[in-house]
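The chain that follows stands alone, in the form predicted alone, written as structure tokens.
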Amino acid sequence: MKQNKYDDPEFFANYSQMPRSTGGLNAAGEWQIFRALLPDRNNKKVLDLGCGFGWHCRYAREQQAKFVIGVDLSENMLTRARNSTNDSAIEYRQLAIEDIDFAAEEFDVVISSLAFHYVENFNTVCKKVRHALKPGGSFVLSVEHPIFTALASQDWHHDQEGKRLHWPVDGYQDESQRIARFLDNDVIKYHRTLETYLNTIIDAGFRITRISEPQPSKEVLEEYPEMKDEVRRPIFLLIAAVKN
């Protein structure tokens, strides 16, 4: 299923007010760790799947990438990305991640930030990524952590005064669609276990080099104190791999 909530005007307006939408990469709690997983991009061809506003595309060019293609299904996202980009070496394409069909060994690096939990056929995408990567090419991705996606409610358990007591986990082994509330909208996500994420990447022909379950940095917590509870459970899963 190819969901496109970001072209809903109300949803997009709400998303545009999020810290990572207004503050860019440095406002993303996981960015410092994600950046550390990225390989050298100097003179490399880079593909960004689910590129959104194009933050990662522009960063890749700042790191001297030769050429960058950003793929996203949302016209709203790509309009914002194009309006924020003045670089002929960055190309944005409106396309569902599941529908990518690039030439064999076209890219040196493929990245994806917080997009694959919206994709039903992760196995197919991993195979397409491997096809598009050169031997030894890098695949770096982030997704919502399986502990976060297990329950569709994606919310803390509170006491009678509204204090956050703990993060509930249930239905973890039930790998299926979830209807979650995000920005006051019903959003379709796909829950997978940690085992499935890792083994799917391995089975597609990659060697995993690093995984991370990051928490916000001290600097991020100082600037965004509302994120203080993000240190109590993992919200993101980051994976770095190379093509065998």
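Counting begins at 1, following the sequence as shown. Just so we're clear, the structure is a prediction, and the values are computed from it rather than from any experiment.
One more form of this protein should be noted, the form predicted together with a further copy of the same chain, which is absent from this view; the next part is about it.
- Message: in the model of the complex, is there a heavy atom of a further copy of the same chain that lies within 4.5 Å of any heavy atom of residue 13, even though the partner is absent here?
- Response: No, residue 13 is distant from the partner.
So in the model of the complex, does any heavy atom of residue 214 sit within 4.5 Å of a further copy of the same chain?
-> Yes.
Q.
When the contact criterion is heavy atoms within 4.5 Å, does residue 43 count as touching a further copy of the same chain in the model of the complex?
A. Although a further copy of the same chain is absent here, residue 43 would stay clear of it in the model of the complex, with no heavy atoms inside 4.5 Å.
task = Examine residue 210 and determine whether its closest non-hydrogen atom to a further copy of the same chain in the model of the complex is within 4.5 angstroms.
result = Output for residue 210 is yes: heavy atoms within 4.5 Å of a further copy of the same chain.
Self-check item: Residue (of 62, 203, 219, 186) lying close to a further copy of the same chain in the model of the complex, criterion heavy atoms within 4.5 Å
Solution: Only one listed residue qualifies here, and that residue is 203.
Please tell me whether the candidate spot formed by 119, 130 and 190 is one where all three residues come within 4.5 Å of a further copy of the same chain in the model of the complex (heavy atoms). No residue of the spot touches a further copy of the same chain in the model of the complex.
- Message: Looking at heavy atoms inside 4.5 Å, which stretch does a further copy of the same chain contact in the model of the complex, given the options 134 to 142, 77 to 85, 97 to 105, 170 to 178?
- Response: Partner-contacting stretch among the options: 170 to 178.
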